[in-house]
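As structure tokens, the next two blocks hold two forms of the same chain, structure 1 and structure 2.
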Structure 1
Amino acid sequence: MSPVLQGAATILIGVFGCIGYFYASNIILDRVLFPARGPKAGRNINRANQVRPWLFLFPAIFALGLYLVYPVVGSFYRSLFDRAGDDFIGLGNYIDLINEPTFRTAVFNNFLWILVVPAGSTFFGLAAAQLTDRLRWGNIAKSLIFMPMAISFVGASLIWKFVYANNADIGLINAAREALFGAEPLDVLQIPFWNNFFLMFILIWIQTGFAMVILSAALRGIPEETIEAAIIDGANPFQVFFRIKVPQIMGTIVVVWTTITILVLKVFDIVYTMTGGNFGTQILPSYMMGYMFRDNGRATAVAFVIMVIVLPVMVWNIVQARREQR
């Protein structure tokens, strides 16, 4: 079957399958299990109304269980076995990870990314949102700042690979160093510790546009009365921004921050493209990729560690969202 026909058949089966499921489940519920007739009609109607929402939720619950819960449980179970998957070794893979220096470096770098990238993206996005709203050509500026979001991580990495190139004719950094100081070309991606920040800046460059769009909408939603009252009371522009505007959009800032944090914990494209995890730039996703095709037990153990790190961030994000809704 051609891909077009296969896609059309999948859509038709999915749509009509859902319609058939809901129609048949309602008939079984109302006519077979809890018929609305006889002396128990009222009680049956109440019971049917209690069960009906679960009928509508069942497909989503089943899909989440199949594609989310089962892989998590299965990955943890697989991480308890050896490389071949034959011998049960318990927490052996996790103990080996803790004792491996490369893994500790990856964990340290991941926490470094978590601290720097969300903070940098949110700060520059907030600054861009505030400044571009004051410009007549602000929409053009926003489009230019948002443009990196349309580039894949691999494409952005290749662009910045030219900027960081160890050549004064191509690399922008080395060209500036040679023009200003007459320094010899330097490969900035091989500088221990600091090369991580050069990689982080790529993701900050990409995510600043996302933060700017969300925070710009939040800033425009601030009531003008509060700003006018602050100005009448003698507040200067910095006080208006930091004491009036920022507190009112703090919920949006938290959402942007946590969204970028979760993205950081999953990204490996930039590190894999730029350095391949060499020169002390290893992070957990790229470290996991190194084991994926040669040691499934170790790779699934790293994947589970990533999930454990992401989980508190997601829970905290959900708690904050619920507080905002109250």
Structure 2
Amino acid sequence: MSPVLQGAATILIGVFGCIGYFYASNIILDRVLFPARGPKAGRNINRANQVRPWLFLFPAIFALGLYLVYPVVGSFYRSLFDRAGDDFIGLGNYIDLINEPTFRTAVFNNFLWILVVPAGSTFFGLAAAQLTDRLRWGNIAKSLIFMPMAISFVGASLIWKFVYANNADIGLINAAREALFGAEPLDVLQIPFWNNFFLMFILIWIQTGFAMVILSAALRGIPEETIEAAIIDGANPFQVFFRIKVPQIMGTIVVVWTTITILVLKVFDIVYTMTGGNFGTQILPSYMMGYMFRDNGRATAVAFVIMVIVLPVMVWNIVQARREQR
């Protein structure tokens, strides 16, 4: 069966399966298990209503448990075994990793990414949000800055290959260098240390639109009176921005910052397509892909290290969400 037909069949089965499940389970609950009839009608309705949430939730809980909760445990368990998965070696994989220079480079670079990308995206996003706010063509500008959000990391990497290319007739950077200084072309992706920043800029380019959209909404939500009061008191535009507006949207800035931080730890595509992790640009997600299919013990160990790095953000997110609910 061709994948297209298979896909169509899956959509049908999936959709009707889901609808059928919810519909049928509700009917069984109401008519068969706890019918709202007879002497126990009242108690039955209550019981049915206690069970119903779990019917609604069951597929989601099952899928979440299998695809996201189990892997956390499963990955950690697997990382304690050797390559073949037969021998228990305790923390052996982790110790091997720490002794490996590439792993240390990857961790170092990953922290660089975590520092630079969220900061850069939030900065550019905030700047774009504030600057386009009063422009007549602001919405068009926003739309264009937001556009890279739709582009895949692979596509974005290719787009930027045309900027970074080691050839003055293809790469914009080398063309500019040649035109301005008459310099020989150079491969910016091979400059030690700084090449990381060229890769990071691609992700900043993608994420700025996200930051801009959210911060722009937050800026619009600031009560007008506070700004008017500041202007009457003689504040200049910069003071209004930094002293009045930014403090009021600090909460949103933090949300944007953490969201991008989490994303940074997932993205392996850019490094994978641009340098393959060579020239000292390795980061953990792409380092892990190097072990995928070859040494599952190592791969899961790297994945768990990523999890440990994400953990503080996760805890913070949950605490925030709990606070909002109260």
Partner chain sequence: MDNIAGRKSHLTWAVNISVILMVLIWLIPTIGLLVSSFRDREQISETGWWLAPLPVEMTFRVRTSPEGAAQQNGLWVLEGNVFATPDMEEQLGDDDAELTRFGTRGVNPTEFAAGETAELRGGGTLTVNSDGSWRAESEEEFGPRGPTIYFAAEVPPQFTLTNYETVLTADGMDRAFINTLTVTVPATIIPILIAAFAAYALAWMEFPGRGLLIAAVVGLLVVPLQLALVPLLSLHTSVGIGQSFLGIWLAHTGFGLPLAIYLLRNYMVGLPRDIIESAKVDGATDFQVFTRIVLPLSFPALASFAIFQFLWTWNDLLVAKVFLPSDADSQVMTVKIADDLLGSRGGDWGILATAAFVSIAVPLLVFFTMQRYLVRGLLAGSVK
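For residue numbers, the reference is structure 1: its sequence is counted from 1. Between two forms, the rigid core is the largest collection of C-alphas that superpose within 1.5 Å. Keep in mind that what you see is a predicted model, and the values were worked out from it rather than measured.
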Completion exercise
Check against labels, form predicted on its own ends up as structure 1
Practice task
Could you check whether the CA atom of A24 moves 2 Å or more between structure 1 and structure 2, using the rigid core for the fit?
Solution key: yes
Exercise for the section: For G14, decide whether the Cα shift between structure 1 and structure 2 is 2 Å or greater, given a superposition on the rigid core. Expected result: yes
Exercise for the section: Indicate whether N44 shows a C-alpha shift of 2 Å or more between structure 1 and structure 2, with the rigid core used for the fit. Expected result: yes
